[in-house]
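Shown below, as structure tokens, is a lone chain in the form predicted alone; questions about how it binds or moves come after it.
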């Protein structure tokens, strides 16, 4: 990945690839001059101040999902959140900052819980992997958490930097921990001799493929996404291949 291709906040001219920071990502006047309610009026301006960043992120995620990243404007996000455009910039200076905060808010806690389980749960690694996959399935039943991988899958071909954000927030944290766990399973005799790095792809790959089939191609089980059933089926097949034969 080169410096130029990953510059998230610098618009590029003459390029076929669209950028993460369109023209509306930098306000032409200061946030204070954009705020429609004067600060001296106090309570009205400060209403729900602590909740406003989350309200902005909720609005941004909804619009990114509905319209796509390129089409969603800061003005639209401000209107959906019920605040001025200048107030949005008080919290998030660009659409790139918004998407980064959305990914971290929704998936950061999931990644941290997975890492803790992978690193600290003792005993047979098969039990740990099963636990992590089931937690992932439960977490992704949240519409907000599920919207993030869907957004990444849809937007990554046009905006590779969105995939990069997801990689840094989730994959770069979980994949090394999962690889280390598989290596431990091999060393302790729970798993047969396999390539640990490639096995990570076998662990997470079916879940990703399930999401792509459902979201891009519209191919779903009869009862909907059925992520919980997919994970239980995957666990049964996975460990039949990983485990040492009796």
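Rigid core: the largest C-alpha set superposing within 1.5 Å between the two forms. Residue numbers count along the first chain shown, from 1. Keep in mind that this is a model prediction, so the values were computed, not measured.
If you look for the form predicted together with a further copy of the same chain, you will not find it shown, but the lines that follow are about it.
Among the residues 73, 80, 167, 138, the one placing a heavy atom within 4.5 Å of a further copy of the same chain in the predicted complex is 167. At the 4.5 Å threshold, heavy atoms of residue 127 stay clear of a further copy of the same chain in the predicted complex, well away from it. Of the heavy atoms in residue 210, some are within 4.5 Å of a further copy of the same chain in the predicted complex. Contact check for residue 122: every heavy atom lies farther than 4.5 Å from a further copy of the same chain in the predicted complex.
The shortest heavy atom separation between residue 146 and a further copy of the same chain in the predicted complex exceeds 4.5 Å. Applying a 4.5 Å heavy atom cutoff to a further copy of the same chain in the predicted complex picks out 150, 152, 153, 154, 155, 156, 157, 158, 163, 166, 167 from 144-169, in order along the sequence. If you fit the rigid core between this form and the one not shown, you'll see the Cα of residue 215 move by 2 angstroms or more. Here residue 162 counts as shifted, since its C-alpha moves by at least 2 Å between this form and the one not shown after the core is aligned. In the core-superposed comparison between this form and the one not shown, residue 72 has its Cα shifted by less than 2 Å.
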